[in-house]
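Take a look at this single chain in structure tokens; it is the form predicted on its own.
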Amino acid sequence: MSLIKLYGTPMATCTVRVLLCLEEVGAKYELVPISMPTGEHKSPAHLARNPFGQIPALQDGDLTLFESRAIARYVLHKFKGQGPDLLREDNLSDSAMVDVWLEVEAHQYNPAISPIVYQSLILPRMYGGTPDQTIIDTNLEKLKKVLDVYETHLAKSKYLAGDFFSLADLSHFSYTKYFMATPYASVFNSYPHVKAWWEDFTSRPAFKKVAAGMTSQQ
């Protein structure tokens, strides 16, 4: 059986989502670095893997996948029975709640937090740009409204989809990890149940391992 190959970079948020899934299920894989600064993600070889010229992409034998959310589900399906059940598809209600909070992350949480991370960290560090404080402030207000909902929900539930850790929780990691390195981390910490949730699942061995890779590449 050929080794799964994941094309990406360990500090990229979407690559991190897939790395966490691979680590949680204990899969054997090879991370093949793709250099964004040199434009390798737009090379013919990588465009054959991902026609949009983005990362990550995954090769498993003759199968090639792109889009990290789809890859994450594939990994969890392929290695079902190894490690925790992060999709809960054997229970319709649990599975539905995982899907609900995956949608919340994609359409409520991520659009608010990602511009803050970009303006605070990516723009100045990678491109030498000056952060736009108006964009940051606008999205901080959006994020606070989202976190208000999370705080109320997590006061009644240990994890987002229920009393079990799932892909919904995992999918929040990468952008939140970087957000906590911005000057605005205190905003997140002002929500005690959200803070407890974050500290709980980031203590998992897979998260510590992937987080170390994110830090070492900065």
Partner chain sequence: MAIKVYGLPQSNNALRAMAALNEKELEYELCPVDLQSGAHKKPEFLALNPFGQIPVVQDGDDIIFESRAISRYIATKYKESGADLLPVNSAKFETWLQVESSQFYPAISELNFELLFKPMFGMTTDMSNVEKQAEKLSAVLDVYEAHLAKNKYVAGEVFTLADLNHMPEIFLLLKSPKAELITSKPHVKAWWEDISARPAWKKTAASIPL
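If you're wondering where the values come from, they're calculated on a predicted model, not measured in any experiment. Residue numbers count along the first chain shown, from 1.
Keep in mind that the form predicted together with its partner chain is missing from the display, and what follows is about it.
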Exercise. Would you please decide whether R125 lies within 4.5 angstroms of its partner chain in the model of the complex, comparing each non-hydrogen atom pair?
Key: no
Quiz item: Can any non-hydrogen atom of A45 be found within 4.5 angstroms of its partner chain in the model of the complex?
Solution: no
Exercise. Mark K158 yes when one of its heavy atoms lies within 4.5 Å of a heavy atom of its partner chain in the model of the complex, and no otherwise.
Key: no
Self-check item: its partner chain contact at Q54 in the model of the complex, heavy atom, 4.5 Å
Solution: yes
Quiz item: Three residues, F165, S190 and S203; all within 4.5 Å of its partner chain in the model of the complex via heavy atoms?
Solution: no
Practice problem: Go through 46-79 residue by residue and record those having a heavy atom within 4.5 Å of its partner chain in the model of the complex; state none if no residue qualifies. | Solution: P51, F52, Q54, L63, L65, F66, E67, R69, A70, R73, Y74, H77
